[in-house]
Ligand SMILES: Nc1ncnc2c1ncn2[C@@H]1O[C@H](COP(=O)(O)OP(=O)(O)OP(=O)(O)O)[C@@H](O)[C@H]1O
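The chain below stands alone and is given in structure tokens; this is the form predicted alone.
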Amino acid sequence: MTAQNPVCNGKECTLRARGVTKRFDSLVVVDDLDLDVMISEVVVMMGPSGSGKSTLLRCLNGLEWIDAGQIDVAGVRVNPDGEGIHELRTNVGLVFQQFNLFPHLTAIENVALAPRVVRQMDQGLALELARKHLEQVDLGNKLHRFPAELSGGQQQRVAMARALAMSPKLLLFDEPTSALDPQMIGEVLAVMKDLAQSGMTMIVVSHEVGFAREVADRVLFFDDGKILESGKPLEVLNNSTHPRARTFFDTVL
């Protein structure tokens, strides 16, 4: 039976989260959160460090289990008992801050690994798929380079190709440019813009205001585990009504 996308306000959507709560001991990191993300929507999440943004992304990908609430992603319920985790991980890609590439594998081998292991794809087909996605992120001439032979921006683009190789229905980015210098940031953001224009559903944790203005369909301001503002980029960035959001954006703009 084919998994059905969740329904948000009467429309088919990619993500539906209700009452999501995540604690670490007595510390509440995500606090009774509701979030809908529509198909092909690009959502940029902004807010101070330590506010729970990265933890929320890890909950959406099943890397952290929630303590309360319900998450449905691309027809898969995120269950703490692990049921459906294989399908969830194929539907939801996560691009980390620090690349997390295997240093002993070349770029093409890093990208081909998950299709081979998770999807049980033939090695030749997996390598061809990896080549396609490395070319998509403008690394067709770096297929056989090891991570140590690549710049930070190139490593991050390999990580993006690796996520794309699983044909995700939702792509999560956890501050993907935070470890990069300005030139490398531009390289990575250009690929992300192309993905957005292609219709990829994306949630991006980032402080890149220019990217949010140009690419996001919606900007969320996140603090203390809660979404305090949500709206069109210019509404949230320039006309926030919540005092914490105004203070934050006065600092970063």
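Counting begins at 1, following the sequence as shown. Note that the structure is predicted; figures quoted are calculated from it, not measured.
The protein also exists as the form predicted together with this ligand; that form is not presented, and the subsequent description refers to it.
*Asks:* So if I measure heavy atom distances to this ligand in the predicted bound form, which of the stretches 182 to 190, 210 to 218, 66 to 74, 23 to 31 falls within 4.5 Å?
*Replies:* Careful reading of the contacts points to 23 to 31.
*Asks:* Though this ligand is not shown, can you say which of Ser206, Asn61, Ser51, Thr201 has a heavy atom within 4.5 Å of it in the predicted bound form?
*Replies:* Residue within 4.5 Å of the partner: Ser51.
*Asks:* Select from 167 to 191 the residues with a non-hydrogen atom within 4.5 Å of this ligand in the predicted bound form and write them out in sequence order.
*Replies:* Heavy-atom contacts to this ligand in the predicted bound form: only Glu175.
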